[in-house]
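Only one chain comes next, encoded as structure tokens, the form predicted on its own.
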């Protein structure tokens, strides 16, 4: 007799996506129905709005044309990713932009950061305990719950600049996201080093979400966990083209699993090989057309155009943050991140603040409590919209 997956069943209706689309959007639609004259400024989802860079578009069109010709048609790619793309990530991203050495055998191409950030847990035993920042990107938590793993919270509070301390108990997997979604916080070298020291002492693995690292502008803030000595022995890093190259619809990301990475019952290179096996079983690669677009994004012309995209969204965030400050609201983030983390007046909960901003200013964000109980009393706003929308929002403030 077939029976349902209880862990999946228990998540039904409680995931981040369902909350945003059912509860957030539901309230917005109800409000619009009774207040049709109110202008609405959507800043909830972290979806990009700028078009693909022209260099990327050209590469995708050329790749599609090659697929339409029997003389140049290609089918399956290498399941770990197009070799040229993996090489470009190592050379044009890590080496030239950040100054660190990564071998292409350590890079695995994925269909965006979302899937790999959850699926990477399949590398580890079911009884492994997972530590997550609180507040955090909900998929880290949802992935652990889906696997029926125990969770440990790492408090991210205003008094510690939303950067947690290493766990005070034994854990096996540690999710870190910097620049952080939702708070926009960044971690210093010293703070990251403390986590590496913990991981090496406890044979734990850090899963480092570096999706927003191209937005870092503050000097001396690491853009990769591998800038810290010892990280390649204990950390997996996740990257993505989604936000800085506007690939949210193309779905191209990557993860780095160093050959030096090991845990209690492995030798160097074994986890890397196991992830290749998992790819062979469950994932036969990202769309080849999209991968050719990613190669173009890493070209000199592509990177110049992508930097313009990053600068555009960061300016949006600064305009939004400054506008909110004129209202007397305390804001965080918006400097090294396209997210602005807004503190509610003391008498308002996250959902009350959400309703107040919607009804008074037409601004739609995500209540901070959706990202964890330490997000209570905050609202996350995404500055990934069009400039005219941001300027209209600020003018309305």
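In this text, all values refer to a predicted model and were calculated from it rather than measured experimentally. Residue numbers count along the first chain shown, from 1.
Keep in mind that the form predicted in complex with a small molecule is missing from the display, and what follows is about it.
**Student:** Might residue 286 be said to contact the small molecule in the model of the complex, defining contact as any heavy atom within 4.5 Å?
**Tutor:** Contact with the small molecule, no.
**Student:** With a 4.5 Å heavy atom cut-off, would you call residue 212 a contact of the small molecule in the model of the complex?
**Tutor:** Yes - in the model of the complex, heavy atoms of residue 212 and the small molecule come within 4.5 Å of each other.
**Student:** Any chance residue 251 has a heavy atom within 4.5 Å of the small molecule in the model of the complex?
**Tutor:** Answer yes; at least one heavy atom of residue 251 falls within 4.5 Å of the small molecule in the model of the complex.
**Student:** Can you work out whether residue 86 and the small molecule are in contact in the model of the complex, taking contact to mean some heavy atom pair no more than 4.5 Å apart?
**Tutor:** Because no heavy atom of residue 86 falls inside 4.5 Å of the small molecule in the model of the complex, the answer is no.
**Student:** Among 74 to 82, 183 to 191, 234 to 242, 152 to 160, which stretch has residues with heavy atoms no more than 4.5 Å from the small molecule in the model of the complex?
**Tutor:** Only one stretch qualifies here: 234 to 242.
**Student:** Name the residue from 202, 299, 128, 114 that puts a heavy atom within 4.5 Å of the small molecule in the model of the complex.
**Tutor:** Checked against the cut-off, the match is 114.
**Student:** Tell me, out of 195, 275, 137, 175, which residue has a non-hydrogen atom within 4.5 angstroms of the small molecule in the model of the complex.
**Tutor:** For this set of options, the contacting one is 137.
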